[in-house]
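Below sits a lone chain in structure tokens, taken as the form predicted alone.
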């Protein structure tokens, strides 16, 4: 009895001492609650990092294979990947429909409003602005690939009524999506000012940069789609922007670009008197003032393998891979000479005879310095080491040159001199250039960058000032402001080594070529050709097309003992064997097809033209 009394006292004390609600409703130790997450700035930034990491690009950033599909290059990697040289753009090419990310952002916006009671209003405004910027970025990626898409700006929650129609949002008009992007960016640009010193988080200037690009796209579509013999449209406006909207969009793009240029926050990178090296370093050296917004990489956190994929064969630090993307002769010739003449290389005279050059790099002399910063061509270095590019020897026989390649890369010829370089080029081979060129842009010179174990940490520029100058030039040109447009283009060209005011009579063709050279491999060319509505003309599927076919230029050392040209170099234009099918872009590719499963789930969606 005495023991029962004592036990009763202990239990009573225990129960009395406990606050039942607190004890039973303690926060779990293995789950972060909404209240914890949305009141902790560190956790919110961590979540934002996930969303920034999911920002879309056509194939994902630093995607070597994707670049060979949509830019001036071909695939020279493993034979298994040769489909990159033997494909057509399919109906679903470029398809993008990431409403999972849209949903996550809409949910996050609601959660900030509901749970973030311990954050001050400035913090909440900043985080909301970043989320809305990411959402606007995603919608831009959606509209430029798919046309008008459903505009969903809040959570869609099923009510278990058995009726799904409230969740089935129809497509907005194409121009309505562009208008939404612009309105969103205008509303948040001031809210993001606290981030203005950051190059990796949304801020006032990233909103302006997105405005600059998106409004230029909208304007181009409004103008050039309506100039087609049969404009690509849908009756409901999901595809097709009225022509009378072009002027307003161009003006909005120009205004955004000029605000960035005139802000003083950014400047064209111009730190190295060697203009070619300067252009290369602009994209490699982090923290420079040209970069407005970038996706960053760190060796200890996140790396990429673009250098492993693309470093010249003889310089790789790994035992596999390398030399996958090789630029085309077409791209090399798009870089003008510094005297303003056309960039076509002079490898033959008017009679079709080969022109001998004393040094293997002489044919590239006085080219636009951006060529050096973009492409490794014969006679140049990488990592302070000569890249050994020589296809073989040209032997004079029976009044003609006969080209002979060595059995193995790096072999010497009978005269004791180099036969074929350690870096080729070699036709129909893997992991060596098949065009005579290697890519330099984005390939890091850092130790270990070409190994899988270390990889590279140079960043990816979402927006940089060079593009903004080009956007400004195009928008100014299209709105009749010739002098302003010319000044912007000449500023870009002067950074590339051209004399001041090198262009006096600017044309749209010049602007388009400037974008091709300045922005090569930066995920622009495919979309530029689409918005100008010339992709089907450039990539017309013809074997006779200089644009649809990737060509190479192979250098050969002359073997002609006793002749003045002995040991000089000549160049032979060739079509790589591995490049099997000319690029063929169809009208159906101007807008990707919508996944049939998406159409089945939402009967309010209309199909895109030609699908």
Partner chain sequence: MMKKNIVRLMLAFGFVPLAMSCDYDNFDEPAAILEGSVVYEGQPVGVRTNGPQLELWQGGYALEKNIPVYIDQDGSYSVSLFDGEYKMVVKEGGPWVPQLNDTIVINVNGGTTFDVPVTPYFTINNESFQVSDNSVTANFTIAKIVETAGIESVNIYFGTAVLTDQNRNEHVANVAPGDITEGQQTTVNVDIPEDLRDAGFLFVRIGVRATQANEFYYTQVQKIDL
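Numbering follows the first chain given and starts at 1. Small disclaimer: the values here were computed from a predicted structure and weren't measured.
Although it is not shown, the form predicted in complex with its partner chain is what the next lines describe.
Of the candidate stretches 387-395, 533-541, 337-345, 288-296, only 533-541 has residues with heavy atoms within 4.5 Å of its partner chain in the predicted bound form.
Contact here is defined as any heavy atom lying within 4.5 Å of its partner chain in the predicted bound form, and by that definition not a single one of 79, 82 and 431 is a contact residue. Interface membership of residue 165, defined by any non-hydrogen atom within 4.5 Å of its partner chain in the predicted bound form, is ruled out.
At least one heavy atom of residue 88 is located within 4.5 Å of its partner chain in the predicted bound form. In the predicted bound form, residue 585 approaches its partner chain with a heavy atom inside 4.5 Å. When its partner chain is considered in the predicted bound form, residue 230 lines it closely, a heavy atom lying within 4.5 Å. Contact annotation: of the candidates 581, 563, 573, 59, the single residue with a non-hydrogen atom within 4.5 angstroms of its partner chain in the predicted bound form is 581. Counting a residue when any of its non-hydrogen atoms is within 4.5 Å of its partner chain in the predicted bound form, the hits in 582-611 run 584, 585, 586, 587, 596, 600, 607, 609, 610, 611.
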